[in-house]
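Here we start with a single chain on its own, the form predicted alone, put down as structure tokens.
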Amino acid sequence: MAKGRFVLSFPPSLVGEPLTYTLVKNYNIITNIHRAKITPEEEGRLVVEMTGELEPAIRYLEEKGVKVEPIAREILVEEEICVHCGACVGVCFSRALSLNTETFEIKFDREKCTLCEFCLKACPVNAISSKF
């Protein structure tokens, strides 16, 4: 069973179609939507983690006109620079960054990260960066 994180971009004509439902129902894909911006009459964008037989599901999306881009970047936290102030934790809506209440150290869970990059701007010592 394959697992991957993708950005799905689709034209206004597909905004009203149940694309993720079709992935689940017809392709047995487990989906975890990390971020979504879907507005009628505009392009839709999803940051989604998919698990299952991905090739047929991705082929279906592309045939429908969805642009499927694997996420090729990641957030890096440099432990040597981090002062564990917690500023990044306050802006992390996905809770990928948390503060251990016993050690008062920042913990980063890459699997929860939605790549919003709010933490980059919040870090006063630039200990957090984005890598492509």
Partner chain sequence: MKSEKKLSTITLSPHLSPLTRKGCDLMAKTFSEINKKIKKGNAVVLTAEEVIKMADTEGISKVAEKVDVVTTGTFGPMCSSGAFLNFGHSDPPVKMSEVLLNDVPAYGALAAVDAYIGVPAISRTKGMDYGGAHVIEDLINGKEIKLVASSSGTNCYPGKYVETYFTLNDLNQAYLYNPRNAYQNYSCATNSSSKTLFTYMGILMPNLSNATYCSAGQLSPLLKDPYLQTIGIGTRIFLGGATGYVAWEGTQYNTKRKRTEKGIPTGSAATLALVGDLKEMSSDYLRACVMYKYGVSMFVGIGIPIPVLNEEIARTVCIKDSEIYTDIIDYSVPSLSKPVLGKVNYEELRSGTIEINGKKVPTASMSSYKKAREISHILKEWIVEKKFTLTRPVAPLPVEREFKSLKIITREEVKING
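Note that this is a predicted model, so its numbers are computed, not measured. Positions refer to the first chain, counted from 1.
What comes next is about the form predicted in complex with its partner chain, which does not appear here.
Colleague: Candidate spot 18, 27 and 58, all three in 4.5 Å heavy atom range of its partner chain in the predicted complex?
Modeller: No.
Colleague: Look at the stretches 63-71, 27-35, 48-56, 92-100 and give the one with heavy atoms within 4.5 Å of its partner chain in the predicted complex.
Modeller: Result of the contact check: 92-100.
Colleague: Does any part of residue 77 reach within 4.5 Å of its partner chain in the predicted complex? Heavy atoms only, please.
Modeller: Answer no; every heavy atom of residue 77 is more than 4.5 Å from its partner chain in the predicted complex.
Colleague: Check whether residue 1 has any heavy atom within 4.5 Å of a heavy atom of its partner chain in the predicted complex, and answer yes or no.
Modeller: Answer no; every heavy atom of residue 1 is more than 4.5 Å from its partner chain in the predicted complex.
Colleague: May I ask you to state whether residue 12 is within 4.5 Å of its partner chain in the predicted complex, using heavy atom distances?
Modeller: Residue 12 lies outside the contact set for its partner chain.
Colleague: Taking the shortest heavy atom distance, is residue 121 within 4.5 Å of its partner chain in the predicted complex?
Modeller: Residue 121 belongs to the contact set for its partner chain.
Colleague: With its partner chain taken in the predicted complex, which residues across 9-23 come within 4.5 angstroms through any non-hydrogen atom?
Modeller: None of them.
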